[in-house]
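Below, in structure tokens: the form predicted on its own, a single chain.
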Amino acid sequence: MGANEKVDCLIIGSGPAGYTAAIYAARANLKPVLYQGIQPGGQLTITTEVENYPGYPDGVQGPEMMEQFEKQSRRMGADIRYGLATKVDFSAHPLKVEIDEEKWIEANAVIICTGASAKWLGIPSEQKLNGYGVSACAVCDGFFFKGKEVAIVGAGDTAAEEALYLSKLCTKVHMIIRRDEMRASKIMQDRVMNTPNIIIYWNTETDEILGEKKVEGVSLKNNITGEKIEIPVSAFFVAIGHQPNSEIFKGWLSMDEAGYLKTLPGTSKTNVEGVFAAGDVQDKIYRQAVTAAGSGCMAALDAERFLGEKGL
């Protein structure tokens, strides 16, 4: 298996982590090559308004912000390309990465910024109204529904945390739980139960999200009785978890049981020398644009140091 190309620093993925890594790596003269992956710009391209990223006092559209990140990394000299990493071979140096199942690239350092994807319920109305009241991030979008009634689906710590966050902004939070119990930790469950404006629907599934142009309500079905009800809400938040995009690294890199890449605390280093990870693919706790960008910076600095020490 011969490589078609050799590069010093290869970056996989193009969200805030990937582009920030590219900006730093380019300025350090590492001549980074970045492959944008299946969703150029990452999760922010399916978010509309971003109001919590510092430096944008009036807020910014997610896709526009990612365009600006991309422009900046290109201006610094990063080589930005379309393409998807489809396989890796980290058995020896240089490291090898396959692009689009056709060409192999050899790299002295690899920075993985492949992100995570929100899990969805899989009902048609969910995708139709995505960005029009349907969201997978209450912390990002809850603010736009201040003083309104909203629904949230999920039963884990994230769902509980987001329900509590929404309860401070919204008049009522309708929490939809599939079983007769929550997976969240005891302390989070207690907080949710003790919040008067969170109404819990046990043994309940979402039948349909209602509304033509924007979310206007939700139709719920009780799993046990089969009874259906409709509640008027202005937003529908899906908090059933995220899936890190780490499939191709299985067997090469250490990951936790959910598939998040493990990095040495305080660094972006993985268990393979010369391979670094940044952004949501290795962060299931914060998952914000600003934290992803910060970890992208760390990865580029770690890669620069590694290449310097190895004399590459």
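Every value quoted in this text rests on a predicted model; they were computed, and no experiment measured them. Quick note: we count residues from 1 along the sequence shown, nothing fancier.
As for the form predicted in complex with a small molecule, it is not shown, yet the points below apply to it.
- Contact check at 4.5 Å (heavy atoms) against the small molecule in the predicted bound form: none of H93, N108 and L253 pass.
- Taking non-hydrogen atoms only, D157 approaches the small molecule to within 4.5 angstroms in the predicted bound form.
- Residue contact check for G217: none of its heavy atoms lie within 4.5 Å of the small molecule in the predicted bound form.
- Residue contact with the small molecule in the predicted bound form: K269 places no heavy atom within 4.5 Å of it.
- Heavy atoms of R179 reach within 4.5 Å of the small molecule in the predicted bound form, making it an interface residue.
- Exactly one of the stretches 165-173, 146-154, 83-91, 67-75 approaches the small molecule in the predicted bound form with heavy atoms within 4.5 Å, and it is 146-154.
- The listed set V134, C140, A239, A116 contains one residue whose heavy atoms approach the small molecule in the predicted bound form to within 4.5 Å, identified as A239.
- None of D79, E208, E161, E98 but one reaches within 4.5 angstroms of the small molecule in the predicted bound form through a heavy atom, and that residue is E161.
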